[in-house]
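Below, in structure tokens: the form predicted alone, a single chain.
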Amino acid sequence: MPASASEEPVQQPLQLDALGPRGEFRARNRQVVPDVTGAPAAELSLVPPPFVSRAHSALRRAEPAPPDERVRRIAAAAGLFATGTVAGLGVAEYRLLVSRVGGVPLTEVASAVDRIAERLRDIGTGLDRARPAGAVTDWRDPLVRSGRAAHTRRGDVFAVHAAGNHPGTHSLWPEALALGFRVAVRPSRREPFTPHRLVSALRLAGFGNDEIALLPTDHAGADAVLRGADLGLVYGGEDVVRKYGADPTVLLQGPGRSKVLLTADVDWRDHLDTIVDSVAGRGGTGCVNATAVLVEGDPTPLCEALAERFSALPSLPPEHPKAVLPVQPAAGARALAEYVGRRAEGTRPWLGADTVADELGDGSAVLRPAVHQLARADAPQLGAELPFPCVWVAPWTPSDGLTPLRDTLVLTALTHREPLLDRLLADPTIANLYVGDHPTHWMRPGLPHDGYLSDFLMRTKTLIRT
């Protein structure tokens, strides 16, 4: 189905320039950004390490605007990002590009854009909630005369290795700008349109070229983006965890391994919509989508029901208004399917690897949901997170304890057992606990994602003056 008149593709390929301290920069070294069919959608300028170094020097020299002005600018940028023409692209053209290149359903891209804008418009409230109660932000505060905690930055320059799996990840890092950091963003080469649009909107709203920068690089330049900053944020999988896990200046946003727990005192039939939504909602590509469901009792009926619900989802191009599943280049989709087949050895497939890659005939393929039943709660597949709706369903008993539920970004607990909820809330490896019918991808502005970002960026110190 063709895109609507307001979402006609732009002239291809689009030029995405770096946004450095002197403004836009078109590099000789440019990389083609293809859409899911392999057709070129844009050329992304890649800057070398010396350019990154000069950008960091400019960021470090810049003085941040007063706090209220920073919050005002970010709120203004939210409006431009969600509705305006930014860097030559209207919002409909931008959304279509993100969908065609990232493979995220167009309706979900539109929802994500709205959610990013909502969070940025209310970024001041989020910062207030994240700040320790009683801490002040200014030495002029009258409370300081009797002594108070002051909330202060742990550095001046913050670097971001951005994710490309979903535009919604870009709602987080602008908090650093609101806190007074100068920010360098290295976009994902898979989907660079969202950070380019957001950085451009922030500049249009008043932030200087020396306060926020977009620095697309190759792998050599990527390390330079982090080295030049005081603190950094990196998205990625196990390889990223291995590379940066021991670096205290880097905050990792790795695999989420989000889960759903069903105990025997609830009927799974009453919660099937929540489970389906947790696995496949919002395109099913995020770290907040459930990759595992643990069931006290026989998981077979739930597996059967999940397979039936997922089988009914249509295979459509990502820009189709009824598309709900992610799309990738066909070769990549086939490789993912083969990987699923290897990981699933020894499991019972309800929707197995052979149905994962559904080719659309234009070089792309829909990534259809996979459902596998595991024999026990400690099966190694339980922690396997994949960039599409792929769920492992395992039996669980109280004697298994919390071990199968740990290392989880979001756990939705469908249970009435209060002692169990006490233990789940107290477990430090479970980042977020949702009790009852809340899908694992539920989020609201002002609430932490994996802790508050300011937990990492800020510190408190005692401040008193006469």
Partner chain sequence: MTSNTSNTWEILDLPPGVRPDPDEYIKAAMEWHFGPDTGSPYWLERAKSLDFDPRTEITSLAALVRFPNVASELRTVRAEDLIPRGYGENPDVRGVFESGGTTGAPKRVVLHGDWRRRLLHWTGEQLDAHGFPRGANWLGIVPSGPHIVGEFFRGSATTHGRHGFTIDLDPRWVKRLISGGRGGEADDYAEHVVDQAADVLRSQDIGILTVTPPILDRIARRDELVELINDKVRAIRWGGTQLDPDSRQVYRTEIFPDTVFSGNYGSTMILGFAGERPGLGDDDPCVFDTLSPYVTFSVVDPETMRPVPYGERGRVVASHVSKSFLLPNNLERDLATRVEPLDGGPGDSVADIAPVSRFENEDVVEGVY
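No experiment lies behind these values; they were computed from the predicted model shown. Residue numbers count along the first chain shown, from 1.
Omitted here: the form predicted together with its partner chain. The next part is about that form.
The single contact residue among 336, 150, 87, 305, judged by any heavy atom lying within 4.5 Å of its partner chain in the predicted complex, is 336. Shown without its partner, this chain lists 385, 210, 93, 296 as candidates; in the predicted complex, only 385 has a non-hydrogen atom within 4.5 angstroms of its partner chain. The stretch in contact with its partner chain in the predicted complex, judged by heavy atoms within 4.5 Å, is 234-242, chosen from 173-181, 75-83, 106-114, 234-242. The shortest heavy atom separation between residue 322 and its partner chain in the predicted complex exceeds 4.5 Å. Although the partner is absent from this view, residue 37 stays clear of its partner chain in the predicted complex, with no non-hydrogen atom inside 4.5 angstroms. Residue contact check for residue 401: none of its heavy atoms lie within 4.5 Å of its partner chain in the predicted complex. Although the partner is absent here, residue 227 sits close enough that one of its heavy atoms falls within 4.5 Å of its partner chain in the predicted complex. Here the marked residues 22, 46 and 343 all reach its partner chain in the predicted complex, each with a heavy atom within 4.5 angstroms. Contacts with its partner chain in the predicted complex, taken as any heavy atom within 4.5 Å, map within 45-59 to 46, 48, 49, 50, 51, 53, 54, 57.
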